[in-house]
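For reference, the chain that follows is the form predicted on its own, supplied as structure tokens.
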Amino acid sequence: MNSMLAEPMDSKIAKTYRLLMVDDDSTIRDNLKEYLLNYHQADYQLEVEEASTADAAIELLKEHPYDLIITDINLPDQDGFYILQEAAHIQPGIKRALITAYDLDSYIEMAKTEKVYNIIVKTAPFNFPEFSAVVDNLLLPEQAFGLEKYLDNPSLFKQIEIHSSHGIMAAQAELQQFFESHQVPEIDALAVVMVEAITNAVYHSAKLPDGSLRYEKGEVIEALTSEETVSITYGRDDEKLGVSICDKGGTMTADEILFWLERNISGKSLMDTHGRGIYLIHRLTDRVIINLAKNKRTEFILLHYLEGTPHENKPLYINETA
């Protein structure tokens, strides 16, 4: 997900996916299409078609099958949420994403209502490889797992296993040392993020048969079962630091994540006793990729750019697979 162009892909392709790109700015459409057709690294081929209005996009959806639609939110005739709603009605099962120059917070309520789990932001300069990775994750969400996908030729790559609640602070201390060694200025904010993310993975992933939590937050857990252990991977490449926090419960859903994000962003959560962790992770981290495999695993991938990528305009990346 770095900002450097990859080498064009020339390998033989086994499958073709069709993508519909909707944006009234022809320069944006042309640039994104060119990148996907010439630099998108994958074991499949992409066909990319374009539309500049909602009406044109809907007509194309009625005429041709697509695997994925990505639309700008602000169009001359309709908004992007309307297009995605129509796309799901015309072609059930189509993968959907929005792209915008504005922050996720402006659209979180609609994203929750319409079950839109990916909102790409237009940064300056535009991060084409990040966009490419989002497309890949939308088409093949089962391949979105693993920090190694998001680090290019990492110079450091380490793992931690948490086997008890005592391991939470030990892991946080190791991660804090990792950040300090790279002179990260937002070290206090990142420390908060790490504690929240690891604590949630330990205490919220293990559930009883009736669906209630097995452990109360803050409870001392001397030994987690093998199915309850939490894996942490961290590393860096030339432009960013990355941390993956993965549990084996797979109990979290995309709708649940959007529920808590919306409550915190809108201010409805003032009296809530939980649910703030996801919001803090979103607010205090440059990029968050959330990978969900029901009843198998939940992974939060947190990326912190050392320079070059703006901290504003947070995207939404949730990949959910069966």
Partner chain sequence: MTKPESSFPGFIGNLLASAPLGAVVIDLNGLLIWANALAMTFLGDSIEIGGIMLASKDWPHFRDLVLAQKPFYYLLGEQGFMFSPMTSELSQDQDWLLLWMIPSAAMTIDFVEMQTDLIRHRKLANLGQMMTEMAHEMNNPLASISMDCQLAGMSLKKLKKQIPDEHSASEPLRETVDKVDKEIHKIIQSTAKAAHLCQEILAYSKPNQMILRPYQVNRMVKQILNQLKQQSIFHQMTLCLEPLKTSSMILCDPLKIEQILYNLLKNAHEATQGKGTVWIREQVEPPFVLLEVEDNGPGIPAEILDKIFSPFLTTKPRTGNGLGLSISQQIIREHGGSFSVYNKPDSGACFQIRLPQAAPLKDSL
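Residue numbers count along the first chain shown, from 1. Please read these numbers as outputs of a predicted model, since none were measured by experiment.
Keep in mind the form predicted together with its partner chain is missing from the figure; the text below concerns it.
Annotated contacts: Ile28, Tyr35 and Asp103 all touch its partner chain in the predicted bound form [non-hydrogen atom within 4.5 angstroms]. Distance criterion of 4.5 Å from any heavy atom to its partner chain in the predicted bound form singles out Phe128 from the list Tyr203, Phe145, Tyr117, Phe128. The contact residue chosen from Lys122, Arg236, Lys217, Arg214 relative to its partner chain in the predicted bound form is Lys122, the criterion being a non-hydrogen atom within 4.5 angstroms. With the partner omitted here, the stretch from 37 to 45, 255 to 263, 289 to 297, 52 to 60 that lies within 4.5 Å of its partner chain by heavy atoms in the predicted bound form is 37 to 45. Under a 4.5 angstroms non-hydrogen atom cutoff, its partner chain in the predicted bound form has Ala189 among its neighbouring residues.
Looking at His274, you'd find every heavy atom of it more than 4.5 angstroms from its partner chain in the predicted bound form.
Although the partner is absent here, Val195 lies within 4.5 Å of its partner chain in the predicted bound form, judged by heavy atoms. For the chain shown alone, Pro185 is a contact residue for its partner chain in the predicted bound form, at least one non-hydrogen atom being within 4.5 angstroms.
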